[in-house]
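Consider the single chain below, provided in structure tokens and representing the form predicted alone.
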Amino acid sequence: MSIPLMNVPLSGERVHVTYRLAGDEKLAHEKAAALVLEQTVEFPAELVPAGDIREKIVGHIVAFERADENHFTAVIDYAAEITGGELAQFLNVLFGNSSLKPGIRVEKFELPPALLEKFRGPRFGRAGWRARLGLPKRPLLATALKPMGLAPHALAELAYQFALGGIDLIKDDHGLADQPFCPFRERVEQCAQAVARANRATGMQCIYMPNITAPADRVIANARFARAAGAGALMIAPGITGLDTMRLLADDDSIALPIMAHPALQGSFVTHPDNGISHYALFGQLARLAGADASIFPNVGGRFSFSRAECASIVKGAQVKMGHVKPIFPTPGGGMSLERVQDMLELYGREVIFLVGGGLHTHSPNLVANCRAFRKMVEEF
């Protein structure tokens, strides 16, 4: 049965996605030609109806060039309307089925103005978070409450010491959830109270940031409870809950707290250079589009494998011009120590949140003094 010629009303605005394709020129071009169909109509090319479906709904290869001896870069554009103006469907168009194929990697994307307007992006961004903390210039400091296994009162005592020492953002470790030995609500109440008590003693504005990553039917309730209990920001792992869940949190006016994205379960997107999504796009562009105000990633030289160039690319993705979508804080962590702060200042500059966890405990036996030393390092930059 033949399908009749179809005319589809479209604005003409296009989404541009840059893909890195592994292989020789013939194979790479075959991959690009497959992308324009797989990411749109998912239909045999010879059977695609003539008219607007073939000419406008199916993607277009608008650039194709060699990247190096074994890779090519293809820029493919898609009709903005096929995203439905929704983050979930945009992700499907961006990489959907093609994420199941080897040798294809999303490098970056550009959205037209009318589509960008569908996304609020970060509620606070860099400027908003600085205003909330009263810190207009220097890098921000963060740490994590750990190890798992401590009871709420023990974690609250750690939070108190971190805040006395002047750590701006004191977050749950990403493994802290709602375990029987450390229930979510007890932990959040006690840690928020401890940080508030330290702030009253010091006059500072340190913030407690609980991990609200949870089953889908509990995420929003966790966020609202955290706000009511006095938390000043939220952390979520969008690789576990979904990017659109983070977007929902960021858009909710009844929550209205800064959000930090944790990279748990996102590693397989970026750890192979031929597959997945680039560091720039995943931890920079997509985190922003989904409403994160800060994006955690492993720092070069820590216990993970990110290179200096990959970390630098995340910084670019966190601030590249995306219409009204605010720039956000890159947040390097993962095995950092105070001895590496100077090198990190040179790499990241001032627009960064430095996340040091275990390194604050190992610097010396005095945790409060260690925090103050950390703060002094960045204040002198």
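Not measured: the values here are computed from a predicted model. From 1 onward, residues are counted along the sequence shown.
Same protein, other form: the form predicted in complex with a further copy of the same chain, not shown, and the subject of what follows.
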property: The single option of G96, P112, G230, G301 touching a further copy of the same chain in the predicted bound form, heavy atom within 4.5 Å; result: G96
property: In the predicted bound form, the residue from R200, H272, R308, K137 that sits within 4.5 Å of a further copy of the same chain by heavy atoms; result: H272
property: Partner contact for R187 in the predicted bound form: a further copy of the same chain, 4.5 angstroms, heavy atom; result: no
property: L10: touches a further copy of the same chain in the predicted bound form, heavy atom cutoff 4.5 angstroms; result: yes
property: Interface membership of T40, a further copy of the same chain in the predicted bound form, 4.5 Å heavy atom rule; result: yes
property: 4.5 angstroms heavy atom contact with a further copy of the same chain in the predicted bound form for Q179; result: yes
property: Candidate stretches 151-159, 68-76, 129-137, 189-197, one within 4.5 Å of a further copy of the same chain in the predicted bound form by heavy atom; result: 151-159
property: Contact set, 187-218 vs a further copy of the same chain in the predicted bound form - heavy atom within 4.5 angstroms; result: A214, P215, A216, D217, R218
